[in-house]
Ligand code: SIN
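Presented below, as structure tokens, is a lone chain in the form predicted alone.
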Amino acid sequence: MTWSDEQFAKYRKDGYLFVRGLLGPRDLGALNETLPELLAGDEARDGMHREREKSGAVRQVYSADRHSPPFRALVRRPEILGPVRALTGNEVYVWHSKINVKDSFEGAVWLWHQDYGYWMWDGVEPKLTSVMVLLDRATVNNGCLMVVAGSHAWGRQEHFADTVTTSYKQWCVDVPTLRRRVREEDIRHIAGEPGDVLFFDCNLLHGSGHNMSPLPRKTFIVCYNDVANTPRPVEQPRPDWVVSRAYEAVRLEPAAT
């Protein structure tokens, strides 16, 4: 399964494509049924790494695709894998996957960044594509993702490590660069419903605000890498849960009926 020529053209122009209603109620039911267990677990028991807010609330759960059958099936869906393969021009493997959580009233900000601002230090070229699945309703009030349309064409911008704003170190673009490059009219809010799916380039500038709403906001993000783009040796390589050493190409699984 692939996109129309118009969809590919829009992705290449904007650096992202937001596809509404890609997953149906049955798909979402299977995913959400397993979420409480994934959020309540611990790494010693289930092997999935978790990051937490300063309050202790779960912020991220890594590697659900390795441990949860519904998430494993999701990253192999033809509606997702087909376009990613076409964009890459090759087979792909899972670079990492993560469930991002913004609990009501306490989910914290993600500062403006490009994913390749992190990943260049892992020894790869910018040949990665990410796919974000909305598991909850995403609104401006509960901290939906924001993107800067066309920013992937800038190439990688310099990033610095922010260790103060949240409990989790973030690599982000500095304010002088943002003031110089970001136009208000290019900022898009990725607000939508469960089952909507965002495909985006690893150099797309994106971020999100605090969850100021009673609505929780959970998303699942899987990052795919070209099988020919495996990491070169680097000093202090990051752990497998964020830079996978499992390079086997992802194989399609049929969509649920």
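Fair warning: this is a prediction, and the values are worked out from it, not measured in the lab. Numbering starts at 1 and runs along the sequence shown.
Below, we refer to the form predicted in complex with ligand SIN, which is not included among the displayed structures.
Ligand-free form, site status open: ligand SIN, modelled in by superimposing site C-alphas onto its pose in the predicted bound form, keeps every atom beyond 2.4 Å of backbone and C-beta atoms. The stretch in contact with ligand SIN in the predicted bound form, judged by heavy atoms within 4.5 Å, is 112-120, chosen from 74-82, 112-120, 172-180, 148-156. Put simply, residue 225 is far from ligand SIN in the predicted bound form: not one heavy atom of it is within 4.5 Å. Ligand SIN in the predicted bound form is approached by residue 221, whose closest heavy atom lies within 4.5 angstroms of it. Heavy atoms of residue 208 reach within 4.5 Å of ligand SIN in the predicted bound form, making it an interface residue. Interface residue remark: residue 100 is counted as part of the site for ligand SIN in the predicted bound form, having a heavy atom within 4.5 Å.
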